[in-house]
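Quick setup: one chain, the form predicted alone, written in structure tokens, and binding and motion questions come after.
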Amino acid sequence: MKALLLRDIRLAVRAGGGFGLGLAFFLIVVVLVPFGVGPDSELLAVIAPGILWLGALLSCLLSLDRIFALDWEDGSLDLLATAPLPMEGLVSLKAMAHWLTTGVPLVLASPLFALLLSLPVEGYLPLVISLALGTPALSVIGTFGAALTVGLKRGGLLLSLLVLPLYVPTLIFGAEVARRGAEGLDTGVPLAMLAGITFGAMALLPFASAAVLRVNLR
């Protein structure tokens, strides 16, 4: 399992879906927002939690189509399906590799991007916590979408259409945690809801993704 996880991380980085692409896109979103809404720091502070979460979500979305595509193209997915490792374990490792190469860098860089959007200092820690808790759900849900569209030509657009509605609850509660933290309010309820979404996705979606992959491999 460790060897497979390291292999997927190396493939993600070599294919251009790793650290640099997500961070670069996140930075572009953060830099362009002030040009669109104006340089008013008070306005930026109000919209910063939503913009930061939306940027992180879209950055995670960029590399979803590569989760299974490379293994599908070279036939490795068929071999992995016959390996002793259950398909559910394979899917979970794929999601973990995506989170490590995409989600973790976004979490670590989020305080710097929050500074660019004039987010109050009180909101930095809630923002980091919400991203650390919510981005695994984005990877797991995205893995399910990638399993649905594996093998389809130009499936990237279809993948986005399938996954984005499923991302909405995570976006809502993640941005709410950051907003409440920045305003000095209690973050317990949205944080609990965000944790419930993440743990629920991690518990249920690997089985759904594995079932979809078995159908696609027949």
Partner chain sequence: MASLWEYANPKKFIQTTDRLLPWFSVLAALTLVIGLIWGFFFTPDDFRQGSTVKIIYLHVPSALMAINAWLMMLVASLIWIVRRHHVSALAARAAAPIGAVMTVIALATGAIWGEPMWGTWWAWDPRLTSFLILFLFYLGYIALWAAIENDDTAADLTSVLCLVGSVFALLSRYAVNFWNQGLHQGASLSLDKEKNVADVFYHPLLFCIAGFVLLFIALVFLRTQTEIRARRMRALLARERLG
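Here the structure is a predicted model, which means the values were calculated and not measured. Numbering follows the first chain given and starts at 1.
We do not show the form predicted in complex with its partner chain, though everything after this point is about it.
K.L.:
If we take heavy atoms and a 4.5 Å cut-off, which stretch out of 127 to 135, 98 to 106, 140 to 148, 111 to 119 is in contact with its partner chain in the predicted bound form?
P.N.:
Contact criterion met by 140 to 148 only.
K.L.:
Note which of A45, L32, V37, L158 lies within 4.5 Å of its partner chain in the predicted bound form, where distance is taken over heavy atoms; exactly one does.
P.N.:
In short, L158.
K.L.:
Using heavy atoms only and a 4.5 Å cut-off, determine which of L54, V189, L185, L27 is in contact with its partner chain in the predicted bound form.
P.N.:
Flagged contact: V189.
K.L.:
With the cut-off set at 4.5 Å between non-hydrogen atoms, does L205 touch its partner chain in the predicted bound form?
P.N.:
Close contact exists here: in the predicted bound form, L205 approaches its partner chain to within 4.5 Å, heavy atoms only.
K.L.:
Given that its partner chain is not shown alongside this chain, does L61 nevertheless sit within 4.5 Å of it in the predicted bound form, heavy atom to heavy atom?
P.N.:
Because no heavy atom of L61 falls inside 4.5 Å of its partner chain in the predicted bound form, the answer is no.
K.L.:
Is it the case that P169, even though its partner is missing from this view, gets within 4.5 Å of its partner chain in the predicted bound form, heavy atoms only?
P.N.:
It does: once its partner chain is placed as it appears in the predicted bound form, P169 has a heavy atom within 4.5 Å of it.
K.L.:
Does D65 make contact with its partner chain in the predicted bound form, using a 4.5 Å heavy atom cut-off?
P.N.:
D65: no, not in contact with its partner chain in the predicted bound form.
K.L.:
Judged by heavy atom distances of 4.5 Å or less, which residues of 188 to 218 approach its partner chain in the predicted bound form?
P.N.:
Counting only heavy atoms within 4.5 Å of its partner chain in the predicted bound form, the contacting residues of 188 to 218 are V189, P190, I197, L205, A208, V212, V215, N216, R218.
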